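In the form predicted on its own, a lone chain appears below as structure tokens.
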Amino acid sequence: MKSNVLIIGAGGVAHVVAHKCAQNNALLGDIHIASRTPGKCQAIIESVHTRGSLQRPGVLRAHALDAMDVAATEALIRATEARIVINVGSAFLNMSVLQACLRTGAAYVDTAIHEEPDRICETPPWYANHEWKRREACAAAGVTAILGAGFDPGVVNAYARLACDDYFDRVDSIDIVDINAGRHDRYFATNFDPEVNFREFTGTVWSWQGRQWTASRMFEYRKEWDLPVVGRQTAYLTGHDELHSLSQHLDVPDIRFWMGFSEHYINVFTVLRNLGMLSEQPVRTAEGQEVVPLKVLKAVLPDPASLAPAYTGKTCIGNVVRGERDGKERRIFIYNICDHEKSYREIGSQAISYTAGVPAAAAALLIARGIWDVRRMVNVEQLPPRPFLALMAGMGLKTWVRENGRDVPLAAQAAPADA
């Protein structure tokens, strides 16, 4: 059994992870939060205390850390005696933090695919370029490394596994649909790290179609979806982390990712891209200073965590799965609805951060209980999905299944005898 958690990062998702770990500290033990800005870590700790999130009295401590420094991260893991490291910092940190976990034997959890600062939209399957190169090392060291344990990637991977195992004899397609039907009071803002957000959408859109990688442009393909609670929504074919693992681990010919964008977002995005403000490559100013336009843009846009107090509306994220069962065609939608205002009332978060942070904390709990402590590197679809989804339902993210116009909570559906 694992105990003591080190959370790396101090943004909106780290805020959620800290609250949810605190609500379960009887099992998880001491909770430590580390980032380059310890003041942000301390603010999260104060929020946990103010909202009474601690399940029982315990250690909750902030630390200064540059997680790109493997030796420093290793030293902090050892000093805190952390047995589970939850990496919810920048995606640039993944390989450094993973290496520190390999040196210490601590379990590793992240919520996004690794990125290199000077490259975007790498050749698929992207995981093979970085994380999967450490598979053998994790297995040799007996280190549990769970990749992409947010919502998308993460929960949608579990939905895909569940559909393949329990609902279909053959799956023909999986369309992951991510809609934020919420509203905030800012002229323009991203719902998570602006640098990461824009990097997702400025390169080639890769999708898995006909059992091969298919390239397209951002906003080239759009589709309307009729969804529970949020109604009819327009979404665009987009590349995303989970496609890079699901395509390799599931026998499904078509796997696509669709994300909703408002016309306002698309207009602002287009202007910024045309001006060169979304570039990850450095430029030199007239004064001789070297700057990265995307980092400058990040510095002037609102902090995503600051959106929470005024956010209203709901998110709807899930998988439209088509295939065959018992010789008949079948179509289901496995999904979650999350409320921005409810998330804020509970822990001071907006729903985008909430949906990413709760699954990461749930993964840590499953490692601590031994259910997901597999002592090797895995993506979420390689793990049993029902314990994960059942745990999250009790932590604030309930799963529903829509079929033939009827919506039923997953918890109300009995698992097959061999599940």
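Here the structure is a predicted model, which is why all the values come from computation and not from measurement. Take the two forms, find the largest set of C-alpha atoms that superpose within 1.5 Å, and that set is the rigid core. We number the residues from 1 along the sequence you see.
Not on display, but discussed next: the form predicted together with another copy of the chain.
Only one of Ala137, Leu301, Ala215, Ala128 comes within 4.5 Å of another copy of the chain in the predicted bound form through a heavy atom, and that residue is Leu301. A single residue from the set Ala141, Ala75, Ala310, Val268 has any heavy atom within 4.5 angstroms of another copy of the chain in the predicted bound form; that residue is Val268. This chain is displayed without another copy of the chain, yet in the predicted bound form the stretch 186 to 194 from 227 to 235, 148 to 156, 337 to 345, 186 to 194 comes within 4.5 Å of it by heavy atoms.
Heavy atoms of Arg211 never reach within 4.5 Å of another copy of the chain in the predicted bound form, leaving it off the interface. Not displayed here, another copy of the chain is kept clear of Gly203 by more than 4.5 Å at the level of heavy atoms in the predicted bound form. Taking the partner from elsewhere, Ala79 is found to have every heavy atom lying beyond 4.5 Å of another copy of the chain in the predicted bound form. Lys295 belongs to the set of residues with a heavy atom inside 4.5 Å of another copy of the chain in the predicted bound form. Scanning 259 to 283 for heavy atoms within 4.5 Å of another copy of the chain in the predicted bound form gives Asn267, Val268, Thr270, Val271, Leu272, Asn274, Leu275, Gly276, Met277, Val283 in sequence order.
With the core held fixed between this form and the one not shown, Glu280 has its Cα displaced by at least 2 Å.
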